[in-house]
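We begin with a single chain expressed as structure tokens, specifically the form predicted alone.
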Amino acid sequence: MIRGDRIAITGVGETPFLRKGEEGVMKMMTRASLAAIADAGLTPKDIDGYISNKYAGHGSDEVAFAIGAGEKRFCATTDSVGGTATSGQALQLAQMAIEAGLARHVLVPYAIQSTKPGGVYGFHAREPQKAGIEMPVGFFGQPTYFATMANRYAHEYGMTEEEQASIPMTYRAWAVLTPGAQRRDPMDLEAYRQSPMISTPLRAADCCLTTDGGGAYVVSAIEEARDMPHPVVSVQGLGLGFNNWPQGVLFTQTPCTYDFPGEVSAKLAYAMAGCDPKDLDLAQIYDGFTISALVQTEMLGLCERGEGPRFYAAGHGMPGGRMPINTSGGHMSGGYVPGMNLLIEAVRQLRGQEGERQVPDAKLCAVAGLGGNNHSTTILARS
């Protein structure tokens, strides 16, 4: 059984988040990895474990060679998309490897080149069910899928335009305070309404950014972390939830398309950490779209089911609010390196490194990662 307070995230690194960069995925992964290793006070020779993601397109052998690493003693590959793979799944594998004595310092790298031909749309276009049934009638693309979720949610619980707008406005308010965020221009309700409609009711401001960027982090045993450069940020809780719907029908053909397994993952993570939502100081929530961030906010227990729109409209997630959310701008304003930049922001907040946007005395943070048919909740603590 995996227990909390056994591993820590000891190093983090990322590349600039760009609308269209000049570097390929491998180069961005390498740069982010070297930055994370240096941040941990290590050298590439100290890294002996690797967890890669199959959708990044480059395995651990390529990463190890590129960074000039030493002996590789452990490697694994996650096969989920989105934020689950880069946070919950990777951390679970890293903990098992470290506790089994297979590795001392595990590197988790990831990068995305959203502007390559097909971009993120190419993922669903490869599914035969979507290509054969949905795409011929124009039902295609993530904004369209998530727009149907937003309409369904509004029908069931009620959500005004102003309430919907308050979610991306919250994340933009944090991005304004974040030097490396992609979108830093302030956004009030009028500016939100000027954002182009993509698929009713979702505007461009309700969608995650198109980003070329990379990120990486190093995981070490808690005992090792105490002798490393930064305040210890330990993994207190980990939870993974699955619903087993295949990608071909996910988001479009299920009984409730926004019923992600987030409540399951949150329950497991809170139990492992020995805490509950009221103990959190802040949260980082996978915000591919306004509606997905909204329902995950509820699934984390930050508000009751159906009350997410009112929660955000009241300013609770804003700078100065009672539950700061996506404090670097999230994926909709900060940058879209799925799940990775959210986890990195959580670590830096708990270290107390974020300057103007630092959450005062932040000790406990939840990171929610959505992978479509799976979901992860990670509870990080300043030890």
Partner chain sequence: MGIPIYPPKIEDPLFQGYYDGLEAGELRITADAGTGEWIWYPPEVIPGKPDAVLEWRPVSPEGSAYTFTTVIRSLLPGDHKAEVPFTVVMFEPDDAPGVRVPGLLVGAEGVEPRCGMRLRFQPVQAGDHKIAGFAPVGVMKE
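Numbering follows the first chain given and starts at 1. Since the structure is predicted, the reported quantities are computational estimates derived from the model, not experimental observations.
As for the form predicted in complex with its partner chain, it is not shown, yet the points below apply to it.
Its partner chain is not shown here, but in the model of the complex it comes within 4.5 Å of a heavy atom of I198.
Within 4.5 Å of any heavy atom of its partner chain in the model of the complex lies no heavy atom of G82.
Of the heavy atoms in A100, none are within 4.5 Å of its partner chain in the model of the complex. Of the heavy atoms in T144, some are within 4.5 Å of its partner chain in the model of the complex. With the partner omitted here, the stretch from 126-134, 228-236, 180-188, 279-287 that lies within 4.5 Å of its partner chain by heavy atoms in the model of the complex is 126-134.
For the residues R305, K267, R152, R310, the 4.5 Å heavy atom test against its partner chain in the model of the complex is passed only by R152.
Among Q95, T252, Q113, T78, the residue placing a heavy atom within 4.5 Å of its partner chain in the model of the complex is T252.
With contact defined as any non-hydrogen atom lying within 4.5 angstroms of its partner chain in the model of the complex, the contacting residues in 255-285 are P255, C256, T257, given in sequence order.
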